[in-house]
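Okay, here we've got a single chain as structure tokens, the form predicted alone, with questions on binding and movement later.
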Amino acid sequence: MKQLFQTTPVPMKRRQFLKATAAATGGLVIGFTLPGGNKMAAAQAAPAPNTTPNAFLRIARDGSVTVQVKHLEFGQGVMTSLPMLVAEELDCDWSKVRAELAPAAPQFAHTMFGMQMTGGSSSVANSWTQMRTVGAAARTMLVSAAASKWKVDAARCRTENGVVIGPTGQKEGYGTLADAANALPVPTSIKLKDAKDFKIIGKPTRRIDAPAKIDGSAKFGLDVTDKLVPNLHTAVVLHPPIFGARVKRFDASKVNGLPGVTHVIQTANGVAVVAKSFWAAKTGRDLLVVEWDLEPGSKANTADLKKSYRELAQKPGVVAKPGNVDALKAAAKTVTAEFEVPFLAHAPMEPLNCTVSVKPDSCEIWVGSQFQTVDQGAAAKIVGLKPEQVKLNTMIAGGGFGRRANPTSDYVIEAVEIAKAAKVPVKTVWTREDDIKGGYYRPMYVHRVNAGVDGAGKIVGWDHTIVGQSIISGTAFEPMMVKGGIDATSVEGVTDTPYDIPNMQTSLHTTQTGVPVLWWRSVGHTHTAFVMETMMDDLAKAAGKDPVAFRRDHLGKHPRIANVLTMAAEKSGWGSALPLGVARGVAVHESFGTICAQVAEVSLENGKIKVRRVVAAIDCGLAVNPLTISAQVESAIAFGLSAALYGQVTLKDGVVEQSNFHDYPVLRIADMPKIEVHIVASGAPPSGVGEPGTPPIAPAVSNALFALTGKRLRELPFKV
């Protein structure tokens, strides 16, 4: 554990890093070189005057520190946690730290995925070494500048709170040293701090972006106006009533002449009305008369899909994990169960939007994108330009949950098409109804499991069949993530279970429905954790064992997971008396490198499920910002509870039946349980936080309901 944080030299190659003159204010800039040309020669050449690289860090003459955050901020707190990594190694004054969202550029690529993106709960994990190294490099250069000025050995100088302190007590602020530091070579080897010396990392830290969000000055994608983009228009699109349908012809006679309406444009997936205001555009869109070619469209019906999925689940599919299922014949007791989970919408609070300005030799976009590299490339193809000719400004987004990370760049491409055809800057806005009825969804799944225990209460075999759509097939990620017909996101959480389960076989039926699907907060773990953790409770009952003890008995090879489970159980008072009509349920699951265990206390009030209290324990490695971690776990529980209690998208003759929060409800404040979050102290590097809190909540509630009523609910959303 300790050696993970020992002082280790981190190489910094000249071909990767450069320092450049801060064009407007002077100071120190640390960033990556721009692509193109002879990379080696470009890296070795001195930066031209007034060059502004895509910088991670800028230190101005007034001592202010600006960190460019390469990931999208959409509620998870990266505009605070990533600057904390830089500031820790920089030894700067935290009150002077600012954060900006970085534009799309290769320099800001994810260190694990090779493209600029936000997903997989990986923002802090992939930035852990990179951003600390940036801060340490700048600190080293500032110390060197001060030592040179004082004519002393740099090794005898130290830093503290934005000041370099010399061997005889001399002091110089970072701001006054920034210009001199900028003239120095970037160090080739950097020593990072030991964890015991951290002053910022690990401390509860208020979010940098909170004041702007409270006073309304924060700029989301929907906040782009003609003050930022002159002559800005707004577009609203009429999309097909069913997925895959196409426009045959349309009549805009009722729209033409409406005050404010300027264009009616057919797109690849509908008809757009462009106007000088949102309301004018929506009014015009609602008056359009469109004849649709429905023949290529999806005719999916939820009832029919359930029936066909159940039938498929009765027989093995493509084997994802081989095992000897005949071992079940020797089981003392077996449990056979079928589980169903529905299509789910993402329903972020800020509806989809994208602003685009197209010129003959350039294109500029303002969007809250989770996939900046993908969206930039897709836009470039539409306008016939190179990606570097497309400037994508990353805006703060009001939620996303995977919807803003679409491999097909659907809403971005649509916005670019409209702006290109209109020949004016356009902000394309989807209403919530547009996205819930015509967006992308977490796939529907059916699981069938047959598992058994021996006389000693140990699992002896497990036969698991999964039926559902692939999120990855047909995307650029397919070569990496679909092997032998198995989409890794369909079976994650089952094939890699930490439980000691001998003779476990998992197979997969991948279906085609015509309904567009996409990752949803915690991806495959959304359904696999529900099934695995409910089955573990069923098997504990069959074995006559306590659910917590039964799980621990099967976690002998994973003490870290057992430790998190134990913490949640102890903090919840597991085994202690509860008021009449209240029961507890437990679940533990690992996803995105993080373990989260939850104990839910549940009652029934007037026939309605009431989740009263949730106690969560989480091991996410070293906790960079405990406040963010607690907030994300609370958010993930609320998100998961919304799905467990209410969430479902159903289809009839290809048409989505839900449209907004009145028929696709989310958890209201009155239904929010009391939540306690306990963070396990860890010496491991940071891992994911945004998603791992979602998978355990549905099975924890299911298990509590079973303890309360003796009735097992295996279909989501719960119906009592």
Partner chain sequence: MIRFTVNGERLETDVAADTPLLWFLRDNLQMTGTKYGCGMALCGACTVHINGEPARACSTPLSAIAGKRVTTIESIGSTPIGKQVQAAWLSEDVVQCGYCQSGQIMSATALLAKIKNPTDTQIDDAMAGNICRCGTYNRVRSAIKVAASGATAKPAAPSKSSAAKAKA
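Numbering follows the first chain given and starts at 1. Note that this is a predicted model, so its numbers are computed, not measured.
Below, we turn to the form predicted together with the partner chain, even though it does not appear here.
Novice: Only one of 405-413, 294-302, 428-436, 153-161 has heavy atoms within 4.5 Å of the partner chain in the model of the complex; I'd like to know which.
Specialist: It is the stretch 428-436.
Novice: Would you check whether the partner chain, in the model of the complex, lies within 4.5 angstroms of a non-hydrogen atom from each of 347, 398 and 673?
Specialist: Every listed residue reaches the partner chain in the model of the complex, so yes.
Novice: Just to confirm, with a 4.5 Å cut-off on non-hydrogen atoms, which of 277, 389, 176, 473 contacts the partner chain in the model of the complex?
Specialist: When the partner chain is considered in the model of the complex, the option within 4.5 Å is 277.
Novice: Select from the listed residues 450, 205, 513, 373 the one whose heavy atoms reach within 4.5 Å of the partner chain in the model of the complex.
Specialist: None of the other options qualify; the answer is 205.
Novice: Is residue 519 close to the partner chain in the model of the complex, meaning a heavy atom pair under 4.5 Å apart or at it?
Specialist: No.
Novice: Please determine whether residue 679 contacts the partner chain in the model of the complex, using a 4.5 Å cut-off between heavy atoms.
Specialist: Contact with the partner chain, yes.
Novice: Check whether residue 225 has any heavy atom within 4.5 Å of a heavy atom of the partner chain in the model of the complex, and answer yes or no.
Specialist: Yes, contact at 4.5 Å.
Novice: Residue 351 near the partner chain in the model of the complex, any heavy atom under 4.5 Å?
Specialist: Residue 351: yes, in contact with the partner chain in the model of the complex.
Novice: Enumerate the residues of 204-229 that have a non-hydrogen atom within 4.5 Å of the partner chain in the model of the complex, in sequence order, or give none.
Specialist: Result: 204, 205, 206, 207, 209, 210, 211, 213, 214, 215, 216, 218, 219, 220, 222, 223, 225, 226, 227.
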